[in-house]
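Next up is one chain by itself, shown in structure tokens, the form predicted on its own.
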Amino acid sequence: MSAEAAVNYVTETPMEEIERVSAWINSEEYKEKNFARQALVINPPHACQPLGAQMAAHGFEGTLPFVHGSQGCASYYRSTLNRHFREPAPAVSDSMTEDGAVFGGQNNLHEGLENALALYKPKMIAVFTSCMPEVIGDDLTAFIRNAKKKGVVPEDFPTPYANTPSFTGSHIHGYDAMLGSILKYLTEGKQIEGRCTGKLNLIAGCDFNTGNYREYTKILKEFGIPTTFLADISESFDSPLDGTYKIYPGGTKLEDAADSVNGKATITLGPYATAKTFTWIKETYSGAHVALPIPMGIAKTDAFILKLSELFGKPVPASLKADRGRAVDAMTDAHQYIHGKKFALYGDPDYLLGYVSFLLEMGGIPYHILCSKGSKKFEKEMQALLDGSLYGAGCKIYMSKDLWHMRSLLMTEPVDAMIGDTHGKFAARDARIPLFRFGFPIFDRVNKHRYPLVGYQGALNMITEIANKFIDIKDDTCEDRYFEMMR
């Protein structure tokens, strides 16, 4: 930059002051002030409701997510999914602007629905809201009913919808709202007395990891259990590159979702991300209804496998027993590298329970557990998990906190590593510890969404990644050039 173009600051901050403040924000005094704040959130480890709603919509065949709200909001949801999966996330918006904010967005919605049908020819349009229509009180029920009366969309065309205000809840609540709406719409009038499909309905929860869906599919195929995923994003965000662009790759077939109400059993593996949907399913669906935690680590995977065996009267396949044995062997081989290490963790409630369960099995210490959007029920369940292991002693749960709170914890009560999504990288960098990128979103690494964390293979994957990173650190800093070569 030339001298003429140099920036002239109004106020110059002395380097001594910069250094003083830099040191102060790492202190106990600052942590106390940081944890006292109430009216400000800094770097929250969650996204907003509509993003979760869009993800749920992508899990169904031929479904076009439709944002009733501003174009800028829709761009955020799409780009976040694009960057995480590195795949297209096709969705439309009715582009509400100042006029819509004053007069309501019905005209925008009707014109948008008409255009979306004509241009993109979906089998279903899933409508959800952003902040603007929620603030002004747009009535989606009336708007969509009026659209069908006017012939904007055919009377029998599937248009489930959900209210998903961005200013409350998080992406898991939007996922829950949209999933419940889609299932209610598709299953209406489809329940048949005495009919049983013989299938398992599996809800993976608000899970942005396509590898997890494939791992569930593998397990269920080994058992020989016919399954309908509600909703299946494994192809939606991980389809083959064959030279042909498909707007709607994969997704649960609409007729299968409609018939799911007659299933033999329904399992949710994301009870905190599907709380309202599963409550409705228990009241409506035939067959057994089971809520289980995400099967991360050995114990929670065992529980999932044994429940499948019980529900369908099938013995546990020898192949899955072998997978378990290999995972336990890998745990034994790598135990020394994780045992006694302290971890800081953050993320969604369902994922946090999985991380903690896995770490306790490995002798790791989940020292700081931070959940930005959770419930008292989750906090009690997490505390019970910690109380059940000697490695949980002294570990603390921080509810409704953000990643700037986490930074204070890292600087005043240091740990060896952190587990969470990309947004924690700056805190981890300041604390000079590794960040294990599990969860959503992950922008700064590739193929993490294809890397299963569930089941016995998931346990093996986490063991390998975490243990090898600690070995890398030791190798890079050890003065002994023959480290690990003579053992």
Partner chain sequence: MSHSNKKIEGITKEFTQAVIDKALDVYPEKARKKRAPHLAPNDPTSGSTCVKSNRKTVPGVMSARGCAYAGAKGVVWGPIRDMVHVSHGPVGCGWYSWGTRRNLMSGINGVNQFGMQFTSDFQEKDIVYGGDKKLKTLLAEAHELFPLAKGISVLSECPVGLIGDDINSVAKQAAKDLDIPVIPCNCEGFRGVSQSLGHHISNDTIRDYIIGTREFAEPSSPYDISLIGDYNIGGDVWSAKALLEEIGLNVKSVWTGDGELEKIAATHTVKLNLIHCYRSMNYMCKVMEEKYGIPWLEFNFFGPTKIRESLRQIAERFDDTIKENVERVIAKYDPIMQAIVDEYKPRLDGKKVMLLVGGLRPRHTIGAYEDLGMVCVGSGYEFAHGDDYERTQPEMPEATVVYDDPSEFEFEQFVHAMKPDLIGSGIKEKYVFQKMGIPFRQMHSWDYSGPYHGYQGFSIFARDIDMAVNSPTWGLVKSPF
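Residue numbers count along the first chain shown, from 1. On a predicted model such as this, the values are computed, not experimentally measured, just so you know.
Keep in mind that the form predicted together with its partner chain is not shown, yet the notes after this line are about it.
Residue 17: touches its partner chain in the model of the complex, heavy atom cutoff 4.5 angstroms: Residue 17: contacts its partner chain in the model of the complex.
Looking in the model of the complex, any heavy atom of residue 341 within 4.5 Å of its partner chain? No.
Since only the chain is shown here, I'm wondering whether residue 95 would be in contact with its partner chain in the model of the complex (any heavy atom pair within 4.5 Å). Output for residue 95 is yes: heavy atoms within 4.5 Å of its partner chain.
Is there a heavy atom of residue 132 lying 4.5 Å or less from a heavy atom of its partner chain in the model of the complex? Contact check for residue 132: yes, within 4.5 Å of its partner chain in the model of the complex.
Within 4.5 Å of its partner chain in the model of the complex, counting heavy atoms only, one of 153-161, 382-390, 287-295, 120-128 shows up; tell me which. Going by heavy atoms within 4.5 Å, the stretch is 120-128.
May I ask whether 25, 99 and 441 each come within 4.5 Å of its partner chain in the model of the complex, counting any non-hydrogen atom? Every listed residue reaches its partner chain in the model of the complex, so yes.
Could you work out which of 398, 367, 404, 378 is the residue within 4.5 angstroms of its partner chain in the model of the complex, going by heavy atoms? Selected option: 404.
Have a look at 114, 310, 302, 413 for me and say which one sits with a heavy atom within 4.5 Å of its partner chain in the model of the complex. Answer to the contact question: 114.
Could you list which residues of 162-178 come within 4.5 Å of its partner chain in the model of the complex, counting heavy atoms only? If the 4.5 Å heavy-atom criterion is applied to its partner chain in the model of the complex, 162-178 yields 166, 167, 168.
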